[in-house]
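We give structure tokens for two forms of one protein chain below, kept apart as structure 1 and structure 2.
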Structure 1
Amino acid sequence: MTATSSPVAPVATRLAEHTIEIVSDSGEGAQKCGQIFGAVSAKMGNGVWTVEIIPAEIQPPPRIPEGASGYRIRLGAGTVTNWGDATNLALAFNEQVLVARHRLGALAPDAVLLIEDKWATHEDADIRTAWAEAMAELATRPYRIIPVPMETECLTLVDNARKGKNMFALGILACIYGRDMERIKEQIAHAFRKKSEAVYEQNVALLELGRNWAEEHIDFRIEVTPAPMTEPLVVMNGNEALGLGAIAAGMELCAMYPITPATSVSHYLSEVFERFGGIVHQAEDEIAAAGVAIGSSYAGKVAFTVTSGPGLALKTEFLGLAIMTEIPLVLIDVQRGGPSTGLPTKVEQSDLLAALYASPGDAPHVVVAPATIEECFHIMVTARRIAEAFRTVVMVLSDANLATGVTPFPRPKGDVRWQADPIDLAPVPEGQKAYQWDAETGLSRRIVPGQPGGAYTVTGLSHDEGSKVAYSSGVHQRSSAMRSRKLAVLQSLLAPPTVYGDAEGDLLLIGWGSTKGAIEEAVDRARAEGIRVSSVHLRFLSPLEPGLKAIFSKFARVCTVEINYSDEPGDPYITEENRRIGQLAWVLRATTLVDIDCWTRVPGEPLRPGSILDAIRERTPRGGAA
């Protein structure tokens, strides 16, 4: 340690929220540093929303902008529902990853940037030049840049600073934000539980080194006051919530093939599922995964399969079979950017139409989308029950934002009634058909192999109630009606969505999936400006929640907000007739005949509330006194 005397600790600035990010080359541990910071903040009672900053490759070359890897934490005094707008404080391990964030517009204009400064004096002249150029680029904005001798400091304790720099960084953040050191140490112990005691101790020493350094050299402190907790909370990401939700729903088989960003659902389940009597089956491909899940469901369970866009494409033929044979199945699609391999690690909501119309032929099925990480948990319970009661496919559309976002939510209280009943192998009543469709609802009792008196053969060929292959023309019309009717019946059981804000106004935004927090925050901010805007967030996409037309009629303008592509009006060749619009807008226009507008973007990142606010302003008369 170099300094001799400690200055008086600066007075902390109190803020309602602050957004922090740690970026490094991949493999330098910025993510672990961020995870611990986020977890500790949540435990201290702060609102937290964290997102991973992920490079597309596992081990990109060092010091390239595309290799930026890290973690972003939005810290709030109250609940935080989305990732926010821009970063207020960034801590970077090299200038290239920092410049990458700057170029993405991720940093607030007045952000504080803490940066490892060893590159400034590096022996390699190219690196020194790169540093100088980056600094010049950053100097075009009023950032406050603070050089930090991270490596030099770490080398006073360890031989290889590459391992452990992240703990030094964590120490700096702990000092600036007044984080509880004991809780941090607990988290470090947890993170390195599979390593030796010596590893733990070294990490703690580096943590303390970082904090001490910051106490001496950083002249500001930030206080985002934690709110006392009023109810027990849990903190996890959306994929863990989906996995845990599947368990709470009593599901016992997850069949999958690895694909980002869905895979971590199965990573989580692979770790714990067997304890709950379940298994994760890693199939040879997504088609087989669907087949295994359908086989398991046919045999009496409700199994599920989890994938992302390219895998959804492969499963579609099997989905048609499940719909045709009325075998319950839950399919999770954790959406990423598309088409094709697209943006494997980034959020998008471009699979809606593919999900709705997934299978060739008329293949009515249910599509739901959780709007929050908490809902990822509960939606699995809903999905399983609907799949079973309606003998159909339920698709759950999550996305990369929910998958990797981490936020606290009220601890769910499990309920035995959420779980599946044991398989009923009672004899099939005399004369009962394989599909004893209720003439009104199309619903029928599920039959499972092993039930005496059944012995039906299910088939993907058009069939009658007895599962006999249909050779007469009326049968297909009637069976199609029966499968379709079930959706109308489900809709009759749903409540109209609640309107966020006033029930009438100049503009109604409609969203679905992970954008809820950002949309509602934008609505709040606009309303504070006097703009008459409200929003509706849909969980059911098929069938749609009822009463939409009546809700829309109370607003001068209705506009969807979606993370998918739409043409910009006014772009070359784009006309009112050929404009490709947002996917939910497409569906809502068709079903309500309301002239619905859309505001959609595909930035490869979650929508920012500030951007949505701009879209609101563009679409509304000047609010307030105007």
Structure 2
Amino acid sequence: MTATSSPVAPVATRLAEHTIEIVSDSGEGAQKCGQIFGAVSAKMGNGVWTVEIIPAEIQPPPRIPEGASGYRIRLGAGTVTNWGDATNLALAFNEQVLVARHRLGALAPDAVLLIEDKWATHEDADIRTAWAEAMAELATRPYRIIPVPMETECLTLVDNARKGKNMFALGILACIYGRDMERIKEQIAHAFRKKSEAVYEQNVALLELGRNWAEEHIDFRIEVTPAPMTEPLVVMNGNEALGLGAIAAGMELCAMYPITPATSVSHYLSEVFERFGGIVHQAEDEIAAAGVAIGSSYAGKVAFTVTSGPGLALKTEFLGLAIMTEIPLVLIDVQRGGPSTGLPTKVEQSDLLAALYASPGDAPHVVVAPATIEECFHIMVTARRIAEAFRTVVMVLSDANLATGVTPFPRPKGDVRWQADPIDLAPVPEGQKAYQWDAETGLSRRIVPGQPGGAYTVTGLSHDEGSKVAYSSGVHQRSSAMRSRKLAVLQSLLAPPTVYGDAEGDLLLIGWGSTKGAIEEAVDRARAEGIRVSSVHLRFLSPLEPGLKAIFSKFARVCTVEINYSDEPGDPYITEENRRIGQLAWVLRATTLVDIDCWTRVPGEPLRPGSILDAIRERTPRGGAA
């Protein structure tokens, strides 16, 4: 199908939501196009959830399915909580990246596919053959395919179309979805704020060229009218929200070593942290980053460190030191696929057991997990307060889905109580010991260097209340009990989790982290079908929120939904005795003694609500299973 000038007015269709993808080879700017489109849509009041499509290699060869790089935007009239099931419109810079999305099942059967048409008549016969084969494969589904002369059009303005197609594509999308051009230009100015005025003007010219082309050649428009805004909103991704939350919490130092997908936390803070008295320290490695944060916290600062799975492994010994010395520390782990270097650019929730238990010896600490991008902001305030009040390590488990996804949420209303209290530098009372544990709570006063009368030895060795190295069984037993007691005290302050749906039924789904939106959408769909299913989403993973066993007892079946691996029952050699189950399921079974099932997947992408719905149907009477 070719695109020609439309002799009649384009047909406008009003929808509650629509999902768009922009895909290209790495380095062609599809992600920048998608980021700007998503941000502008959110600022116009639409609900938005975005997901980056990133190849595993930094610079894969061009025109291969494995090299698909891009951005997916789920656009809604109201709140959008996850990336949905399938793409309704894809704009591709070549046929190979489009075929990649087709083979992954990412495209809706009736999707509209806009594709660069230069490859159909390319001088290289192999490329023309690859184009023809790809078109034949795509023709097996009832897609609507619209060739677009991106390069031909862009070359009227620039010498290198590869550096201009993304803005041309943005102009096409702006036309189709009725995006505010002035807002787009403002966003382009922000995105290229470190470039020259000439670069900005060139990008705007390409944007307008794309919009004008679409006005003449695209015969449809999609209207996703936003609901009226009732309060001011902000638009950001999860890593930016973590950084902004650290500022709101009064944190003063971020020490880290760059690692995907956590690095952009420091990128954001590097631009703004100094304005609030903060410092970003890039250490020589992950171990040093943990050491710098611990040392800073020992000196009285409010410090945190940021990493991903491989870095978490390297920080383990220092985390044990912070727990033994009871020095407050917040650690953000932006999870990715594993093991080892695994899937650096893909989402997974496989660090849970490592976060809970991967420290030599008994090292109790707090583990929390935000479920939304908004929670990424607020959880930093909570983590800082807990770390300091309980003199412990608090791990914040985010993931790649939250890290790079963009969504609007209500503008936080700052509260001075979020900030850390000034360090008490008053003289230490005579006789006060460095670890003078309260026998009931395990808590002790934090003493920092410089306090008169507060000198004491800091050591990772077993020690008594006075910080004197002590190996006797009685001392170690007592100090271990005090470090553990603090988690019980914290749990006593927590409220039971909220049940989404009815308080009783045939099936209860348990989730954590970024799966919340997909799980709850699947629950809503299932309940509309008459299935008696509800869900619970956990934020505290150590200690667990109280009351879980009582909640579980009101459902015939309980099942976790997780993005980590579990064996499938019935697979070769898999038995009830050797089956490896989902990590949260493992923890909940151990702590509640409830027979908890699990449904887990490791696709390298966020879970889709439709897939979770299928799992619900399989596990409920209506789905044919008792």
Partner chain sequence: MTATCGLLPVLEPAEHEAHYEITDYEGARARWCPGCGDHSILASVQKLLSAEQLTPEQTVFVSGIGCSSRFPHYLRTYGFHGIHGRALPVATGIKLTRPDLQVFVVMGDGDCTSIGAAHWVHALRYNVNLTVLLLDNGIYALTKKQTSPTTPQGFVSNTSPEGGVLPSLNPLSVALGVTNASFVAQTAEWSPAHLYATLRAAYHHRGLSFVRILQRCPIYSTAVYQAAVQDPARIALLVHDDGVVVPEIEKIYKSQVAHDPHDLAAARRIADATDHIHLGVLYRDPSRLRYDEIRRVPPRTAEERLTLIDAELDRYAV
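For the two forms, the rigid core is made up of the largest set of C-alpha atoms that agree within 1.5 Å on superposition. Predicted model only: the values in this text are computed from it and were never measured. Sequence positions of structure 1, starting at 1, serve as the residue numbers.
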I want to make sure I have the labels right. Is the form predicted in complex with the partner chain structure 1, or is it structure 2? 1
Post core alignment: residue 440 C-alpha displaced by 2 Å or more between structure 1 and structure 2: no
Superposing on the rigid core, does the Cα of residue 192 end up 2 Å or more away between structure 1 and structure 2? yes
Superpose the two forms on their rigid core, then report whether the C-alpha of residue 156 is displaced by 2 angstroms or more between structure 1 and structure 2. yes
